[in-house]
Each structure stands twice: as structure tokens, then as C-alpha cells.
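What follows is one chain in C-alpha cells, specifically the form predicted on its own.
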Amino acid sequence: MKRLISFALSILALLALFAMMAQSPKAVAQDAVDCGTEPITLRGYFETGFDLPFRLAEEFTNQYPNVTWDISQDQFTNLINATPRLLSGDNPPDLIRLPTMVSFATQGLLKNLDDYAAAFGWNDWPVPQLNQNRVAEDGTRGSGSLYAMGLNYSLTGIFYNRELAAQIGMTEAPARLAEFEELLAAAKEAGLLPIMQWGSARSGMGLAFPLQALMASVGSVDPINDWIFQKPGATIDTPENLVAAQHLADWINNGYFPEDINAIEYTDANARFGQGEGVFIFNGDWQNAGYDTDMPGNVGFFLMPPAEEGGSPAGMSAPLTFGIAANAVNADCAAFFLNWVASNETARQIGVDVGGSNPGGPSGLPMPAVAEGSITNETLAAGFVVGEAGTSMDFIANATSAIFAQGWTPELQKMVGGRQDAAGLLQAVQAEYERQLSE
């Protein structure tokens, strides 16, 4: 009997030990998700023309001197083409700017961040911060496992030169699409360039910004998001989007954009706007610091107005998405950096000052101070409007890994050159989208 009791106690002890062993890796993993104290070099691949990740990397090293950076950078469209090769290489970047993510997640090239989300408590953050970076087992976005995080949460809309806008009689932001188009016509009549925008293949065609804004103005954002998230049966070729594309074609034909738009780089467009060329420009709040520097006190911002009475303004509101390569050497440190970006007081302040955007993070953290007179005050306020209205969208360039480079950019350039019309644009992009999904 004593032997039996002793045997039973031994079995219970072993079971308890196994239970502890099963739990301990998770506990150790949570405690170990940092950058340690030994020298580490984080390899980054960032997008050219955006100062935020570089400034954050610099501050991170200030706070964690054992971490240094080896950063490469490239244009957005080049990132799209290079990302598969970079992620699948023998020495992939620890942290990479993701122009799109679904195919990389389903191909196993991106690290699944669910364990890090549990370790850092990311799942307790407001849902919209994470859902755009989730990929389900069927390859659709918006739910499922987490494969990326945002360095901040940006918003797009329409910036304007206050002095030039006053010259064409604009005293307040237009409330309807028709009012905005009247302002464009007035600018043209006054000998001003109505809209500065970029369009080179290297930067990616910037006319995708006003086109998507027009789509949300004349229709609902839901079909747009369904298409971006690759929901079954989703199409960009809808009657509402045809109306929007025809508006854009009319703007092109009316001479509302620069004649050389197909050759203008992103940085050049912003520099020319900052020097007074163009009444309006469609862009994102990541450019706030540049506009405040180039034209202090002379830049304003508003969301694209709805076409119909009772509609709500809309804007692209999406994370500045970064992921970790599946085979990254320093994945824990990269994840620690992503958490630091959203939770550290200094990092959050950089997110607002340099990125011009909501830094996200836990809902209980205060919003960093914004300089008085900064355009960031207007873009942050607009973000709350979009949030309340539920009219936020991801970017139509993010629908597939190559839709921007192989769909939107060439077809919009053809439209500028008079070789594509509104209907053909949507049909061609939808065909390219379906081709890419079938591969």
C-alpha cells in the first residue's frame, strides 16, 4: 500500500513538473522579449522620404545603446518589387516597411506576431489598430493572426495653401464635392495650378490618392475595404467607382494637375507645393512637418467632402506598417522596438512631431502635445471625425503585393496620356488584381 501511495505521489509530482515545464517557456518568452544587454545590430529596410522610422531608430539607440542599426532604404514601388526577395533571402531584415502583406504572410515569409501580442498586451489595444494587419487562414485581411504593426496611424486628405485658397474665394473647407470642384475651376480660371500631385513610376502614381478619395465621396467605403482586404467576390469595378474615375478623368482633361505629372517624384511634388505651386495637394499627415517647415502658418487641411447631402467625409486611415521577417535573427528585439514605439513617451512624441499622426498604443495613454499652429492639430482632429463616422479606408495600393506597380500606376499614367478612360482603368486594374490573386 505504501509503495502504491509512493508511486501515485511520484506520478503527481511528475505531472506537476510537466505542467510547470509547459507553462515556463511562455513565461520565459515574455520576460525575454527585449534587446538584452549584449551588442545587437538591427537590420532595417525603410521607405525613402519618410523621416519617422529613422528618427525613432535614432532615439531607440539613445535609450538602448547596445542596439545599433543597419538601415537600407528605397522608393515605395521598389520596396514592392524587392520585398519577396529580401524576406526570403539568407539574411533577411529584422524590420521591414511593408507596402502590402497578405502574400508574404501566407507564404510564410513574415513572422506571426501572435505570441508577441500576448506578451506585450497588444490585443487589449483598440481593435482598429491591429485588424488591418491581421490575416486569416483563407488569406483575407481584417481578422486572424497578426503579421505586422504600425509605427503610427496616418490619415490622408487635402492640404491647401491658405493664401492661394483665399485668392479663389475659399473661406472654409468645402462641404460637398461640387463645392470643391467649383474651387478647382476657380483656381484654373485665376491662372493657378489647382492640384499639385506626383505621378512617376518610381514614386508610384499619386493620382491614386484623389481617385480613392473620389470613390469614398460618391459611394461607400465598405466595398473599397472589401476589395483591399481580398474578400471573396470583391471588385473595384463598380458603378460608384466608375463615377469617381470619370470625375478624375475630367480633372485631368480640365488641366487641374501639372502637365508633367507623370515625371514628378513624390519629394519634388511636395517641394513644389511648399514653394507655392498648387492650391491643393492630396497627401497624408506624415508630410505635416515638411509642410509646416516650408509654409509655416500657410497650410490647411480638410477631408474629402461627400458628394451627397447627409454623407460623411472619408479618408485613408491606416498604420505605417512594419513587419518582422520570419527568419529574422533579432526578432525579439524588433518586436520590443515596435512595442516601444507605441508606449514610450518620447517615441510617441516623435510620432506626433515627425510623423504628424496618432501614435496609437494603449487607449489609456495621453496624446502627446502638439505645437500651437501646427497643421498636425487639424489632421488629428480630422482623424477623430473619420473614426466617429466609420469612414476610414486602407490604401487601394495595398490590395495585393504588386497592384500599385503593375495596376494603378501604369493605368493612371495612361489616363494622363489620353490612352485610358475611366471604364478601362477599372477593368484593367480588376483584371490585374484577379491575375495576381490566381498566382
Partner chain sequence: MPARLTMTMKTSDNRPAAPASSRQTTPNKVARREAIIGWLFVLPALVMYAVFVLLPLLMSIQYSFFRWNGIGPMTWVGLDNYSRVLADSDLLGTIFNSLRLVVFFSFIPVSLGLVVASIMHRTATGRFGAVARTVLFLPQVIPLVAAGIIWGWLLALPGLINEVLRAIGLSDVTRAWLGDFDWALPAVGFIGVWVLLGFCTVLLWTGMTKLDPALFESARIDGASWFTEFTRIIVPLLRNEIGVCLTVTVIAALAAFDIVYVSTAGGPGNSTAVPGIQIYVLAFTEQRIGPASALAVILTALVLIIIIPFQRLNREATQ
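Computed from a predicted model, the values in this text were never measured in an experiment. In this text, rigid core is short for the largest set of C-alphas that superpose within 1.5 Å between two forms. Numbering follows the first chain given and starts at 1.
Below, we turn to the form predicted in complex with the partner chain, even though it does not appear here.
Touches the partner chain in the model of the complex: Phe322 (any heavy atom, 4.5 Å): No, Phe322 sits far enough from the partner chain in the model of the complex that none of its heavy atoms falls within 4.5 Å.
Contact of Glu439 with the partner chain in the model of the complex (heavy atom, 4.5 Å): Within the cut-off, so yes.
Distance check, Arg272 to the partner chain in the model of the complex, heavy atom within 4.5 Å: Contact check for Arg272: yes, within 4.5 Å of the partner chain in the model of the complex.
Ala263 within 4.5 Å of the partner chain in the model of the complex, heavy atoms: Output for Ala263 is yes: heavy atoms within 4.5 Å of the partner chain.
Stretch from 72-80, 290-298, 171-179, 234-242 whose residues place a heavy atom within 4.5 Å of the partner chain in the model of the complex: Contact-bearing stretch, as computed: 72-80.
Full three-residue contact with the partner chain in the model of the complex, heavy atom 4.5 Å, for Phe104, Gln107 and Gln413: Heavy-atom distance to the partner chain in the model of the complex: all three under 4.5 Å.
Contact residue in the model of the complex, chosen from Asp250, Glu189, Glu259, Glu163 - any heavy atom within 4.5 Å of the partner chain: None of the other options qualify; the answer is Glu259.
Residue (of Ser312, Gln349, Asn112, Ser88) lying close to the partner chain in the model of the complex, criterion heavy atoms within 4.5 Å: Spelling it out, the residue with a heavy atom inside the cut-off is Ser88.
Those residues of 190-204 which, in the model of the complex, come within 4.5 Å of the partner chain by heavy atom: Counting only heavy atoms within 4.5 Å of the partner chain in the model of the complex, the contacting residues of 190-204 are Ala201, Arg202.
Rigid core superposition, Leu110 Cα moves 2 angstroms or more between this form and the one not shown: True for Leu110: a C-alpha shift of 2 Å or more.
Threshold 2 Å Cα movement between this form and the one not shown for Glu240, core superposed: No, its C-alpha moves less than 2 Å.
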